[in-house]
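We begin with a single chain expressed as structure tokens, specifically the form predicted alone.
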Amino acid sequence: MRMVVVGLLGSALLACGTQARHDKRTRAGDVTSGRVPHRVVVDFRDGTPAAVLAERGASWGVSLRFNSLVGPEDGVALIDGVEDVEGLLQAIRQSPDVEFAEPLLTYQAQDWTPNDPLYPKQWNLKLIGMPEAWEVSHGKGVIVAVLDTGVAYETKGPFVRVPDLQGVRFAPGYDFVHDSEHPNDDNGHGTHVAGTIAQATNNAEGVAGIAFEATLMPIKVLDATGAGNSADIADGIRWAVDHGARVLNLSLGGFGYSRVIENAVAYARRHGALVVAAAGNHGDGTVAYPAAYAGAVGVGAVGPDGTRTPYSAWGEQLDLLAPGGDKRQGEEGGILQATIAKGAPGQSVYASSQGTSMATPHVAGVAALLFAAGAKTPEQVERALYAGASGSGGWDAQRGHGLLDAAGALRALGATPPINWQPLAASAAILLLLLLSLNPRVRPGGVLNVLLDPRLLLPLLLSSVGFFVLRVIWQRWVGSPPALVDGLSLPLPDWERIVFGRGRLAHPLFYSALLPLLLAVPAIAWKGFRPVAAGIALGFAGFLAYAAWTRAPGLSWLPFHVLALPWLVANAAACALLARALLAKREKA
């Protein structure tokens, strides 16, 4: 039985995933993609003299040099011109003077950067803080309706799906202009707008979109000339809401008040959907309809410098500013997106455009991020948009609540980066397998009692994924959390950062069975504490096993392939055995 349990345990750990909490490969694919060709970094023991570097370099047949002026203190050295990197690393890692060695890697600021080749030209996404916002939300699961000239979403007849929309999720839409179930774009305006909201992103093609995991719903209410009527627009709003849209983008407007459209906007609001509309391109103090209706978010435009453009309307109904482009600075001053050539729906192009029509989808896309991050109502989304906006000390008719800030809005909502649950999954797998190994000694119903015992489950949670709830509560009710709260939000093994600071290597005593063993001592005499000690031991077991499986992180004084990997495996096993002993003792008691 024990051999079976050990085999199952190994399989369960292998199935738990391929990333550790410290592994950054989720951001940039395989870690090898960041390697600097033919270069190796070697971390000698602190204080290693230059003479030792020269001696080791001669024995390895390479030229070693300290990386910087602090090299004689921290031991970090570089090797250039290496042809066989892996072969050299195998030789270097056997040296007792070396803590670790690895290929030299490149890094960027800690934000998520898509690989779309034209993304560097999208100044608009950087202006609203998208790199930071993408760390928290991609808009997954939120339906955004684009009420416009249609979208180039399918290849049918003379129409063709824009290549950079391949892979984008589309919900069924409707063409109210031609009373058809195929709302294809015959103008280009709607496709451009839809791309800003949810363009296919990180697909190594074209440009990026804001909420690229959202679902687009094309609703055609404008004809090939870009004109439409109030009846079609009102029907389009209600149809989109009735078919699940949470955000409605209306990059359109006019000066005629329409009761039927106003009622449709109110209908959307009552049913939990947010309407975002363009303020207008006439440049005076009158906001166009439907942006001027109560319940709609009216959006004006800024250029690359973050100031309101001369064409952008302003006034009492203006709510936010967002990037709309200013081509007085050339084509690069516009908003770049994939669309179709005007008058040629089968021809895909990348076009630079400007207007409050281009500003509006920025707000709609961020609204989708907010809904996906946990906002439940349009009121919550509005509050987060306005509270997170930058550059305004309050509302005014010229700037509304300020310039859209996607990252600021998510912070205002209290959204946090997703928790890495894999160490918890590993811990849970170990727990189940250990309980199987205890049968039949566990009393009838005892397995369920163990699983539901909060004295075990809470410590298991805290030691594998941390007190993350502290950070969530602090961000929601107070603001940006201080360093102490950040530290306490970490899993227990990572509390070493509180003691030793955020160094480049973890302390091996924290990544060990030491703390679970210390907590097990009082549990010998105090049976009520046994589930707590067992839960912490299980959490450590899962965390350490998962770190070993994904080959992260590095440990101080322990070269990874030589000592750190066995250290993690051995301590994970020790924690699992300790948890088993505590669980068995608990049942006997």
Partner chain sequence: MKLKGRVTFEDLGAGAWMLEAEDGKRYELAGVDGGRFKAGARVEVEGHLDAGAASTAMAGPIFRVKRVTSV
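Positions refer to the first chain, counted from 1. Predicted model only: the values in this text are computed from it and were never measured.
Beyond the structure shown, there is the form predicted in complex with its partner chain, which is absent from this document and is the topic of what follows.
Novice: Could you tell me which one of Gly394, Gly306, Gly256, Pro117 places a heavy atom within 4.5 Å of its partner chain in the model of the complex?
Specialist: Only one option qualifies, and that one is Gly256.
Novice: Of the options Gln122, Ser512, Asn187, Gln422, which one has a non-hydrogen atom that comes within 4.5 Å of its partner chain in the model of the complex?
Specialist: Filtering the options by heavy-atom distance leaves Asn187.
Novice: At 4.5 Å between heavy atoms, only one of the stretches 276 to 284, 90 to 98, 373 to 381, 129 to 137 reaches its partner chain in the model of the complex; which one is it?
Specialist: Of the stretches listed, the one contacting the partner is 276 to 284.
Novice: In the model of the complex, does Gly226 have a heavy atom within 4.5 Å of its partner chain?
Specialist: Judged by the heavy-atom cut-off of 4.5 Å, Gly226 is in contact with its partner chain in the model of the complex.
Novice: Even though its partner chain is not shown here, does Thr113 get within 4.5 Å of it in the model of the complex, heavy atoms only?
Specialist: Thr113: no, not in contact with its partner chain in the model of the complex.
Novice: Considering only heavy atoms, tell me if Lys327 and its partner chain come within 4.5 Å of each other in the model of the complex.
Specialist: Answer yes; at least one heavy atom of Lys327 falls within 4.5 Å of its partner chain in the model of the complex.
Novice: So in the model of the complex, does any heavy atom of Gly388 sit within 4.5 Å of its partner chain?
Specialist: No.
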